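Read the single chain below, which is given as structure tokens and is the form predicted on its own.
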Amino acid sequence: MTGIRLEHLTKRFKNQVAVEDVSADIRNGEFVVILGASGSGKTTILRMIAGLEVQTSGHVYIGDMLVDDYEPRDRNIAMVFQTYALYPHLSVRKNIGFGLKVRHVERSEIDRRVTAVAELLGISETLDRRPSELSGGQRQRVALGRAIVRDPEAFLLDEPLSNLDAKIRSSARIELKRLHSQLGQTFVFVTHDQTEAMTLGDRLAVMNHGRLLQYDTPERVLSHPTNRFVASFVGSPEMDFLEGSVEPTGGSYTFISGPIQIPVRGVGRPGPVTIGLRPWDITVHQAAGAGSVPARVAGVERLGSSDQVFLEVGPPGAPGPGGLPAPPLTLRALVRSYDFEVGNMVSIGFDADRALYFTADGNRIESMSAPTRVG
């Protein structure tokens, strides 16, 4: 068991920067998820750790060992790919033991390790089958078994659940977390799926356009995103954003955006800002209440345990270049009452204590220098 350290890691392909100046410490036995959209650089980082790509600059340490000049086979890192890369003509038993065979491990030791790993993964009954005879979930376990049997320093997993259907993926996430707990080894897992990231990761590394934007626990990434991109990328349903300004009002400060007025908590400098609210921090009522804002239900998405309600606030905007008026502001709220239908007129409220504030360039405002009271 060992940790991994990345120091100012950069990778360029001709004129394109795939990864730019990424530094991160992955602790011994930690499950770190690298989260980002396609092209964000997450898989390139994984491949540089494995030695499958050579970094343009920066360093990779496995434990205390600088491995920049080590070949992949000498890094003792196991990688599980999205496609599993199983040998179709070999049995499950031979697929799992293949890496040991090419290292000239004794046959009896190979059999012992393969049997133990198959029992750990619950695939003992498949050992004499070929990959074509297995379900997607079983093939994924075989790929994991082939990695585990080598007893590597760390595991690198490149979207290994993406080929599974939704039901199997859910159970596979739980099994993978259990496996990590049993093995106690370091896992680095790449995904674009925030549900996987939030479920599996001890810490998340959120990537965008080759840059590491935030490296923190799932709870901190959700509640204290470093910028607007992270706030919008992590969290489901997606965060609502409102453009407006903070203005002094009667001895305190208020965020104002059209008909919406939200008391400001802990932010006291007037000026233009963007406010962010999670859909579960917006309340929807049939009747108007103090401080509520009228809205029209434009859509309802039934999610089972709750409804996602799309709300139009205020009148349409001024006509654009084509002569058509701009659509009204649309927000989404998460509700559990199931009482709302398209066309309903409702009132909405906001949890001011949970609002996040962002500057024009997208950075989150931790605090402002002015006091929260006017005067």
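Here the structure is a predicted model, which is why all the values come from computation and not from measurement. The first residue of the shown sequence is 1; numbering continues from there.
A second form of this protein, the form predicted in complex with ligand ADP, is not displayed here; the remarks below concern that form.
**Student:** Please state whether all three residues F98, L134 and R139 have a non-hydrogen atom within 4.5 angstroms of ligand ADP in the model of the complex.
**Tutor:** No, the whole trio is out of contact, none within 4.5 Å by any heavy atom.
**Student:** Just to be sure I understand the contacts: of L66, V54, A37, M345, which is the one whose heavy atoms reach within 4.5 angstroms of ligand ADP in the model of the complex?
**Tutor:** None of the others qualify; the residue that does is A37.
**Student:** Quick one: which of 41 to 49, 55 to 63, 329 to 337, 25 to 33 gets within 4.5 Å of ligand ADP in the model of the complex, going by heavy atoms?
**Tutor:** Heavy-atom contact with the partner occurs in 41 to 49.
**Student:** Are any of the heavy atoms in L9 no more than 4.5 Å from a heavy atom of ligand ADP in the model of the complex?
**Tutor:** Residue-level check for L9: no, no contact with ligand ADP.
**Student:** With the cut-off set at 4.5 Å between non-hydrogen atoms, does Q16 touch ligand ADP in the model of the complex?
**Tutor:** Yes - in the model of the complex, heavy atoms of Q16 and ligand ADP come within 4.5 Å of each other.
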